[in-house]
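Okay, here we've got a single chain as structure tokens, the form predicted alone, with questions on binding and movement later.
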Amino acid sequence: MLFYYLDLIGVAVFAASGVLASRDRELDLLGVIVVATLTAIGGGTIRDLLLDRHPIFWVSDNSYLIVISASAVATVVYLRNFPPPGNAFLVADAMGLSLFAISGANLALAAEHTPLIVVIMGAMTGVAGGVLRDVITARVPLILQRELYATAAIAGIAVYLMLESIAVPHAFAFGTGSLTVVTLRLFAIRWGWHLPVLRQE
């Protein structure tokens, strides 16, 4: 149940990031909720389709859609009364990325896939929803910007897999992997960390 609730928290946070990304795009409430929904369940839906997991997680458990709608409406109400903190969008996205990346990896690992597939499924779960959000709101996707993004997710998943391989408690492995993702992402935002850029002479 702990991991289920963490998944719901990830959905809520990513939904809030969808609302924050929509705040200056002149969308109505329905449009904002659509963006929030795509952000929150896009990556997990693609993961479930590729792993042939049926029914898809939000079809079998409508709690996800309820949490998304509640988070989106709550965020809209907040933004109508208070200005968002400076980096609220990036922080919300980093938190959602960390929870979703490790959650996706956890599902793939439980299905006994190889480490490479676990990394791919985890990274896709964490990244794909944000890509959909950014494309729909006409932003350059964060995955294409210079700071560590997908790389942070991959690093956190690698830490999670390493800890699982030495049989540490599952909750500790999950938490440490998530913390690795969010820490790397926030440090990348703060200090401008990025991978080397290929330059032509």
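Remember, predicted model here, so these are calculated numbers, not experimental data. Residue positions are given as counts along the sequence shown, with the first one as 1.
If you look for the form predicted together with a further copy of the same chain, you will not find it shown, but the lines that follow are about it.
J.: For a quick test of understanding: in the model of the complex, does each of Ala70, Ala88 and Ile189 have a heavy atom within 4.5 Å of a further copy of the same chain?
T.: No, the candidate spot makes no contact with a further copy of the same chain.
J.: Can you work out whether Thr137 and a further copy of the same chain are in contact in the model of the complex, taking contact to mean some heavy atom pair no more than 4.5 Å apart?
T.: Although a further copy of the same chain is absent here, Thr137 would touch it in the model of the complex, with heavy atoms inside 4.5 Å.
J.: Look up in the model of the complex whether Pro169 has a non-hydrogen atom within 4.5 angstroms of a further copy of the same chain, and give yes or no.
T.: Pro169: no contact with a further copy of the same chain in the model of the complex.
J.: Are any of the heavy atoms in Leu50 no more than 4.5 Å from a heavy atom of a further copy of the same chain in the model of the complex?
T.: Within the cut-off, so yes.
J.: Can Leu27 be called a contact residue for a further copy of the same chain in the model of the complex at 4.5 Å between heavy atoms?
T.: Because a heavy atom of Leu27 falls inside 4.5 Å of a further copy of the same chain in the model of the complex, the answer is yes.
J.: Hey, which residues along 45-60 are within 4.5 angstroms of a further copy of the same chain in the model of the complex, non-hydrogen atoms only?
T.: Thr45, Leu49, Leu50, Asp52, His54, Ile56, Trp58, Val59, in sequence order.
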